[in-house]
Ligand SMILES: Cc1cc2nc3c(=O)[nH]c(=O)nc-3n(C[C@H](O)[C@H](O)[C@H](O)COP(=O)(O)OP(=O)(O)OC[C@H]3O[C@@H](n4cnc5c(N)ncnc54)[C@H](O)[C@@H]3O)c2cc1C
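Before any questions on how it binds or moves, here is one chain, the form predicted on its own, in structure tokens.
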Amino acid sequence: MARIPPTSLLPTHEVTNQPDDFAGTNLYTADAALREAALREGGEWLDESLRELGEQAGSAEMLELGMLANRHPPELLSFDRYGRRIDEVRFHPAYHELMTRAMDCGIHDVAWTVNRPGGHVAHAARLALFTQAEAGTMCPMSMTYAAVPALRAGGADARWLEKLLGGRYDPDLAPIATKRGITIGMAMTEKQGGSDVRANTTRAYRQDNGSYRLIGHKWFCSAPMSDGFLTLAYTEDGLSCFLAPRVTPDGERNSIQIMRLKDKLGNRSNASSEIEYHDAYGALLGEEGGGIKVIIDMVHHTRLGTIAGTLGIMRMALAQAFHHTSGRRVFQRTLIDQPLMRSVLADLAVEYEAAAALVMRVGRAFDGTDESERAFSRLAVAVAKYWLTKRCPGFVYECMECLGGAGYVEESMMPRLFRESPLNAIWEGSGNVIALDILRTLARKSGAALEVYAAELALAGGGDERLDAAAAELLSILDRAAPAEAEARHVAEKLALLLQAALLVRHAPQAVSDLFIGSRIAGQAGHSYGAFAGEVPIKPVIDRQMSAVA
């Protein structure tokens, strides 16, 4: 049914000079950078499903669901009306509908079920597209996807994997045998330790039947209505990884108490909580004392989710900026035709182009079967997470400014995007943690991370003299000596910029790579977006963003 347009002729004035509604855009076909990168790195088979998701995610209905799920955040119900403990979280119906759609399009399992190259690229691309409509639901999707390697470590009932792969959203609290599908959360960090999980105090005690009793607390438990949680606890043999289900194998509520929900800056639709284990049932994954080994693979895969989610936030902010400036006139010209605004938009566009190329290339590395690609994925996902999540808040803010006051009010999507923008920098390792992880990865001789990184840059060799010179300088420095810890952020930034530049030289239009390298590597720009030194050819960059693919 066609929507009746709002009344523009009001008693005191006529509402004019406003852009049309954003809804009705195919978020995939209108995004040349993402589409080209996804098909290049994942394969042409991705195109149809991404078209369908792009149409759905950009629809008025989907955008409305995202707004409602964030306007009506979840509520904690500790007890029922008779005073019996239930520890449940109530969500708005919009959240459940979004979760249903997310699992229907396979964000949680496509990487593990397609049995062809490009599965992890498909996961990342779908997650980025869905994030543009609503980001909070992508937290449980990302964790469920990343839980597969941990569940395969052994120790969990085989039905957990069976219900995850191919599963559909089923929010009911029920025994796993009756579920249509499941989601998995995480409960790792504690108050006294944070990222230092070896400082955890939660204990696990082995029972005669081979299960464990968990006693302790967790400072952050994301998505507490998941069917089970990967969690860390100490046994006599050291820090170990467990699966703690919400319903025990004998059909009882597990002794996991939700102490409170976090009052978060953003990610409002999704619940995050503090929990306590009171003799909670747990199943050991892997071996006792091998918890870090088991959980690091999940962390590795959730980092792909953090960069894909960041890409989605950036893209929706950029799309809003282009949409608004194309539909509003100021000083006798459309905003997008104002020279200084064009410089800002072009600078934002190349930032996004570089981000899309990087995320999709990292996704392909996750699909790699040889050691060189695995080594590249370990380094590149950390490099991408460090840099993209650091850039995201400033990027979203600049897009918000393009809308002026209209971007600062809650009827706009921009405040929600801005609140969401810092999350992925904090989740799964904040900036310092990631930067130091990059140094450790470079230092491991067995992984040959620096060699595979250098080989990736070499593929762009001869494409741009400025890039060649900067790459040679950095690689020479890293080859001579291990950087000091205090230099970790500097190294991470350089690694990211050069990798992005190399990908753009190989795959993007020359106008895009020239503008990126000139401003980010050759120093021909200031520190704010659009602060170019002298005239730069930005028209092809703007035109590329404005041309939607049918």
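In this text, residue numbers run from 1 along the sequence as written. What you see is a predicted model; the values in this text were computed from it and never measured.
Same protein, other form: the form predicted together with the ligand, not shown, and the subject of what follows.
Not displayed here, the ligand is kept clear of Ile307 by more than 4.5 Å at the level of heavy atoms in the predicted bound form.
Although the partner is absent here, Leu358 lies well away from the ligand in the predicted bound form, with no heavy atom inside 4.5 Å. Looking at Ala187, you'd find a heavy atom of it within 4.5 angstroms of the ligand in the predicted bound form. In the predicted bound form, the ligand sits within 4.5 Å of a heavy atom belonging to Phe220. The single contact residue among Tyr234, Trp160, Tyr169, Trp427, judged by any heavy atom lying within 4.5 Å of the ligand in the predicted bound form, is Trp427. Comment: the ligand is not present in this chain, but in the predicted bound form one of Thr201, Ser372, Thr100, Asn432 has a heavy atom within 4.5 Å of it, namely Asn432. Contact with the ligand in the predicted bound form holds for none of Thr302, Ala454 and Ala496, as no heavy atom of theirs lies within 4.5 Å. Remark: of stretches 116-124, 170-178, 220-228, 71-79, the one touching the ligand in the predicted bound form is 220-228 (heavy atom within 4.5 Å).
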